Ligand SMILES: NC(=O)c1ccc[n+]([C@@H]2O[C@H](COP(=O)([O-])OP(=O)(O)OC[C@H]3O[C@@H](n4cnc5c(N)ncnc54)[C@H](O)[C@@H]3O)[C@@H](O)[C@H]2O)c1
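The form predicted alone is given below as one chain in structure tokens.
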């Protein structure tokens, strides 16, 4: 109903910020802040080994009383990597996030990483689609014809 994940990636871009497992939590949080993102893909030797997310910081670092400057990302990262394909419907991706209680999904084309989407990216995409639909319905009701 709201299109495909590939359209979300076209809007936001395909770049995924990464970090090594030995990176400290403090360094990773600084990188997330600099890039304006809520998670980093943890990569070791070219392999995807986890995600380091804002939730990991709150639950596994702050609440656990760990010192960010002395705790490695590998100790507190999320290791379950959920993914979709570019051809996955946006509403299906959102439903998966709800079921699995996650906020980020890798977008995979076979073994190749095509990007990463967050619940915020998907919500923004749906919101823009709804605004467009409302605008077209209002024009239809007023009798305005689209020149498409």
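Residue numbers count along the first chain shown, from 1. Just so you know, these numbers come straight off a predicted model, no measurement behind them.
Missing here is the form predicted in complex with the ligand; even so, the following discussion is about that form.
J.: Quick one: of 65, 36, 46, 110, which gets a non-hydrogen atom within 4.5 angstroms of the ligand in the predicted complex?
T.: Of 65, 36, 46, 110, the residue with a heavy atom within 4.5 Å of the ligand in the predicted complex is 36.
J.: Go through 96, 81, 119, 114 and name the one with a heavy atom inside 4.5 Å of the ligand in the predicted complex.
T.: In short, 119.
J.: With the partner left out here, if you bring back the ligand in the predicted complex, are 16, 41 and 104 all within 4.5 Å of it by some heavy atom?
T.: Yes, each of 16, 41 and 104 comes within 4.5 Å of the ligand in the predicted complex.
J.: Consider residue 136 of the chain shown here, and say whether it contacts the ligand in the predicted complex, taking contact as heavy atoms within 4.5 Å.
T.: No, no contact at 4.5 Å.
J.: If contact means any heavy atom within 4.5 Å, which of 87-95, 23-31, 65-73, 119-127 contacts the ligand in the predicted complex?
T.: Only one stretch passes the 4.5 Å heavy-atom test: 119-127.
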